[in-house]
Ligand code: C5P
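Taking the form predicted alone, here's one chain by itself in C-alpha cells.
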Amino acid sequence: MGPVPALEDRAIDCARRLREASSVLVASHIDADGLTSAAIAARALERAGIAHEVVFENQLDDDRIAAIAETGYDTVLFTDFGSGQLDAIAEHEDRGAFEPVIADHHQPAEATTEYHLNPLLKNIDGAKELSGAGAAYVLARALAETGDGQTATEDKSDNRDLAALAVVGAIGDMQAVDGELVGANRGIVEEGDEAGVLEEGTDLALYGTQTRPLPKLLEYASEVRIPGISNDEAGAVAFLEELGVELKRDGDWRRWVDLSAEEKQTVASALLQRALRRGVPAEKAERLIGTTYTLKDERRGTELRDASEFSTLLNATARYERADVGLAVCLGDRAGAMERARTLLQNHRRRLSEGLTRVKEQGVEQESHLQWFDAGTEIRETIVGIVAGMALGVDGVDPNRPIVAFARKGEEETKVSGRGTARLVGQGLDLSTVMTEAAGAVGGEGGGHDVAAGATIPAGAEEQFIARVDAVVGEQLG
C-alpha cells in the first residue's frame, strides 16, 4: 500500500504505462515544487531502468506543448503541471503525438486522459494536502511496487528515501497548514521517517536556523516581528548578550543549530516573553515555535538540512533560468552545482529585497475587494508572486485583502500573480477560480491554487482584468 491509498490505483496504472515506454520525457515546472517533482521522477525512472530526459518550463502553454510534441518522445511525464492544460495536451494525444502521463495537483481542465494522477480527482486538497512533488512521490512508490527490484539498489528499492524531496516540495509550495504538513502529506512524512531520511520536530520556527548567524537570524525574522529585535541589528545582539549566550566560538558566529538544547530553550523562552511584553498578540507570538522538517542525510549547518531553506535555495535556481543547477542539487551534486546554487541564492535574496522595497515605496492600489501593484519590468515575472506574498502585511498593504501583482512578460504579455491568506481562503477565497475566470475574460489563461494562483494576459488588458478580479473576489467573499 502506498502513502496515499486513495491514489494507489491511479498511481499503479501510471507506473505500468511508464514501464511500457522505451524512453520518457519528463516536463516540469520551475519552482521548488516543480524541481523536486522532476528530481523524484528522474530518480525513480533511473532506478526502474527507464531512459529519460528532463526539461523545465516556466509556463505550459500551447506553444510549449507543441514544442514538447516535436521532441519525438512517445511518452511524456508531466510533473507539477499538466492537469490545467489537459485540453491542449489532449489535442496532441488525439493526433498520436505522444502519450501523456500526468502527476500534478492543480485544478484539472475539462478534458480527460487515461494516465492522470491528481489528488483533486479523489477529493484530496491539492493546495494543502498533496503537492506536485507529493504526486510524483506517490508515482515513484508505485514504480517501485510494479518492478522486480532488480534494477534498483537494495536499500532504496522502495523509493521511500525520496520522501525527503517530496517534503521539500510541499514546504516550498506553502502547504504547511499552521506550520505543519497535513492530510496526504502526513503519510509521506511518516514514510520519510521510517526510511531514516526525515525527522519531524518542534523547534524555533524562523527561517535560517541552519545557516544564519544568531543575531541575523533574529534581525531578519519576518515570521513574527518583535519590536526592538526585528530589523534591528543592535537590538538583536543586545538581546542575546543579555541572555549570556556565546555569540562566537573560535572566531566564527554561532548559528541556532550550534546551540545546546539548554541554550535553545533559554533563547526561545526569552523571545516569547519579549514578544508578549512588546505587544505582539499571543496567537502570533506562539508561531515562534513550530514544526520543523530536517533532512537527516544532509550536513548540519547547510541550506539542505532544513526543508524550508532547501526549498528557497531551489527557488533561486530555476527562476533565474538555471533549473539544471537545482535539479543537480536535488539529485545529489554537492560540489559544483551546490556552489552555483548558493551564488544564485545570494542574487535571489537581493532581488526579493529590492522588489519588496519597491512595493513599499510605490504602494499598492486599492479596489473594493483587493489590492494590486504593477511592477512593470523592475521585478522579474518569475519572482513577482513571491514578492507579492512577502508584501502582505507590510506597512501600507492590507493583510486582510488578496493582492495581485503585474510584471511584464515580453512586449505582448503580462504575467499576473495573486496571493491570499489561509484566513481568506477560509472565508471563501479561491484564487485559482479568480485567475481562470478573469484571464479568460480578457483572452488570457490562468490557474493555480486557492491561496496562490497566476495568469498570463495580453499587455494592455490589466485594467479590465483587475475589474473582473475585483468582481469575482467580491462574489466569493460576499
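What you are looking at is a predicted structure, and each value in this text was computed from that prediction instead of being measured. Numbering starts at 1 and runs along the sequence shown.
Note that the form predicted together with the ligand isn't included here; everything after this is about it.
Using a 4.5 angstroms limit between non-hydrogen atoms, residue 172 touches the ligand in the predicted complex. None of the heavy atoms of residue 52 is located within 4.5 Å of the ligand in the predicted complex. Mapping the unseen interface onto this chain, residue 453 counts among the residues with a heavy atom inside 4.5 Å of the ligand in the predicted complex.
Among residues of the shown chain, residue 433 is not one whose heavy atoms approach the ligand to within 4.5 Å in the predicted complex.
Annotated contact segment (heavy atom within 4.5 Å of the ligand in the predicted complex): 105-113, selected among 105-113, 372-380, 211-219, 267-275. In summary, among the residues 119, 385, 192, 402, the only one with a non-hydrogen atom within 4.5 Å of the ligand in the predicted complex is 385. Residues of 28-48 placing a heavy atom within 4.5 Å of the ligand in the predicted complex, in sequence order: 29, 31, 33.
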